[in-house]
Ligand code: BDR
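Shown here is one chain on its own, the form predicted on its own, set out as C-alpha cells.
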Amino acid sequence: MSRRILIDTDPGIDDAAAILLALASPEISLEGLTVVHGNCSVDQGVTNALAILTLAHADHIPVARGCDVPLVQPSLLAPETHGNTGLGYAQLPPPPRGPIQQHAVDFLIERILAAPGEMTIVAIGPLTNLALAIRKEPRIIKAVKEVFIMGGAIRHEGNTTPLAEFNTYVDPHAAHIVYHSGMPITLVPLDVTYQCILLASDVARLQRIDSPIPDFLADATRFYMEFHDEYQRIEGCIINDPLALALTFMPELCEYESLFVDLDISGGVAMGKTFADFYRMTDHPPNMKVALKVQARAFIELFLQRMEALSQTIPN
C-alpha cells in the first residue's frame, strides 16, 4: 500500500526535484501540495508548483496557497540561490489552472483529520503553514502519521548564517512550534543533505533521454550549481529536499538518533540555530528522530533512476 503524502513546499530548485521524485515513486500517493513563502514568494511558488505538476502530467493533484510571510521575522527570499522565479534558468509555460480556493493551513487540517493515522507531511520549506495548522487545530498533532522536515543544521555549519539553515532561519518561531508540538518528527538536516551532491555528469546522464523532465532539471540545476560553486566551493549542487522525500519510503538510506532538538529564537548571531542534546544534559526526552549519516551516492543513484523512469513516460 502506498504512503499518503502531502508536501508543504516553497518551490525552488530542489523542491521541484522532490516533487518530481514523489511523482516518480510508486511507493507514494501524492495527495496535495501546500505552498509557503521561502525560496520565492508564495505567489511565485504556487505558479511553480502548478507548472511542475503540469510538466509531469499530474494536473489532478491539488495545490493550496499558504502563508506569504513568517510569523514574526521579516520576509526573506532566496533569489541568489534559486533565481528570480525560484527555478533557476528553467522557464516553464504558465500553468493552465490555478490553486484551489482553500487556504493551505485549512487544507492541511482537513486532509489530516479526514484520514487519522494515514497522512504523512513532508515539510521542505519554512514551517509557517504547519505551525499555524497546529495552533488552529491541535487535533492534527495526534492525527498525523509522521512529519519529515528538511531543515536545521545540528553539527553542520549553516547555509544562511554561519549557524543557521535556511528553512529554520526564515521562520524560527514556526519551527519552534512544530518541534515542540509532540508530532512524530524525522528531521533531515544539512548534516546529511550536504553530502548529497548532484553532479553535472549526473544531469548529462539524464539528458540522454529525450524528455522535458531532464531539460527542466538541467536548466534549473545549472543556476544552482553556479551558486554552489561561487559561494560554497561545491562542484555540483546539493539536493536537500529530495532526500527528505526519499526517506518516507526508503528510510535505510540514513542512520538516525532519537534526540531532544531545540532552536534559538532569542535573536542575535545564533537566531535559528538548531541544536541537539546528545549527552542528555537536560531532562527533556527526545522530541524527534534525526538523520545523522547518509548513503549519499546510493540516494543520488535512486534519484537518477527514478528521474529516468519518469522521463521515459513523458517524451518530448
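Don't overthink the numbering: it's just position in the shown sequence, from 1. Since the structure is predicted, the reported quantities are computational estimates derived from the model, not experimental observations.
Separately, the form predicted in complex with this ligand exists; it is not shown, and the next lines address it.
*Asks:* 211-219, 139-147, 98-106, 165-173: which one contacts this ligand in the predicted bound form at 4.5 Å, heavy atom to heavy atom?
*Replies:* Residues of 165-173 come within 4.5 Å of the partner.
*Asks:* Does residue 39 make contact with this ligand in the predicted bound form, using a 4.5 Å heavy atom cut-off?
*Replies:* Yes, residue 39 lies within 4.5 Å of this ligand in the predicted bound form.
*Asks:* Could you confirm whether residue 130 comes within 4.5 Å of this ligand in the predicted bound form, counting heavy atoms only?
*Replies:* Heavy-atom contact with this ligand at 4.5 Å: absent for residue 130.
*Asks:* Could you confirm whether residue 82 comes within 4.5 Å of this ligand in the predicted bound form, counting heavy atoms only?
*Replies:* Flag for residue 82 set to yes.
*Asks:* Is residue 124 close enough to this ligand in the predicted bound form to count, meaning some heavy atom within 4.5 Å?
*Replies:* Residue 124: yes, in contact with this ligand in the predicted bound form.
*Asks:* This ligand isn't shown here, but in the predicted bound form which of 178, 112, 90, 190 has a heavy atom within 4.5 Å of it?
*Replies:* Selected residue: 190.
*Asks:* Any residue of 232-261 with a heavy atom within 4.5 Å of this ligand in the predicted bound form counts; write them all down in order.
*Replies:* Heavy-atom contacts within 4.5 Å come from 240, 241.
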